[in-house]
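Only one chain is shown below, in structure tokens, and it's the form predicted on its own.
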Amino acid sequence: MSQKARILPGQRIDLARPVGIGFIVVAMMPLVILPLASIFIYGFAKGPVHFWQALVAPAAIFSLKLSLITSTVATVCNVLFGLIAAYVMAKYNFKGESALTIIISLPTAIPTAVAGFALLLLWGRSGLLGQLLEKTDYQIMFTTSAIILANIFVTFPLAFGVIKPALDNLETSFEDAAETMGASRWQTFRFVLLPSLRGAIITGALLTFARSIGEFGSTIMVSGNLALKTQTAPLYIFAKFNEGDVEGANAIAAVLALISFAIFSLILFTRKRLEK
């Protein structure tokens, strides 16, 4: 019989369960559920045709494509880094390990506007490294590359933070067996560790992508927010709202909300499937 068995006759009713669930729902209504619902209620207030027209505007389509591309590139970079960094720090003990972990985790604690400003000080025309590019025709700031750098910086620790604990909790017996059978370190990593970490890698990638596609604070500092050039979806929402075009802002906001919902649903589904 399931642990969630029905209440037997004469058994005391546990009020903590309905009260707890009710408290969660009541607390979430004004904080999460109603704000998200208002996006779709307002978006379709004038009908689906009006919503669709706002969604397929050239600048709106461009901003969505740019966000998807830059978020994908940042996700690939940070998953590769997170996997390598987690492997090195899980397998080797060295001086400064704690300090290095703190540095890797630091971007989560830094305000995103500060992250964007720091990138400007580094890669801007008068920045520490930007000065080296001053004599060339190529500049990083206020380009697509700047958006990717900002996304990488902000999401730097996410994949690492998921993969490292999973790697720490893995049994070493399979690795030892592979080495005993003559497998190289790369073969052990490729055929033993990677399959065991697939859930953590997928979760880290989805979290990184979700965070990147909604990034605002750092990208507005380094992109220039140029329509049809460097304007991502969150920046498009900000610009349209400031212009008074609430419908245009609302259409993209609804798409981003759906993407976020799909990502976290996929994370939950993947986790449950792997646990089974």
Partner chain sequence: MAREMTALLNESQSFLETKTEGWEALRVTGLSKVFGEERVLDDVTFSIAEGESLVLLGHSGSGKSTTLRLIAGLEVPDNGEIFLKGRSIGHLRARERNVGVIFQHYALFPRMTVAENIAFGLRIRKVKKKDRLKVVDELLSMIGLGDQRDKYPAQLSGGQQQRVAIARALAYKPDVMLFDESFSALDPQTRVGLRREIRALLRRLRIPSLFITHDQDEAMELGDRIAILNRGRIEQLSTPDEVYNNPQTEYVATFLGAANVIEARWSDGLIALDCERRLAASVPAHSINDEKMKIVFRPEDVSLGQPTGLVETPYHLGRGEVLDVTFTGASETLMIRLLSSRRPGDTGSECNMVIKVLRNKWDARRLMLKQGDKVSVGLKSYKILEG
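Residue numbers count along the first chain shown, from 1. A quick note: this is a predicted structure, and the numbers were derived from the prediction, not measured.
Form predicted in complex with its partner chain: not shown, discussed below.
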Item to complete: Could you work out which of Q131, Q139, T101, S196 is the residue within 4.5 angstroms of its partner chain in the model of the complex, going by heavy atoms?
Response: S196
Worksheet entry | in the model of the complex, the one of F174, F117, Y87, F81 near its partner chain [non-hydrogen atom within 4.5 angstroms] | F174
Worksheet item: So in the model of the complex, are A178, A183 and F191 all sitting within 4.5 Å of its partner chain, heavy atoms only?
Response: yes
Response to the item:
Here the chain appears without its partner; judged in the model of the complex, the stretch of 196 to 204, 123 to 131, 152 to 160, 108 to 116 with heavy atoms within 4.5 Å of its partner chain is 196 to 204
Worksheet item: Would Q187 sit within 4.5 Å of its partner chain in the model of the complex, counting heavy atoms only?
Response: yes
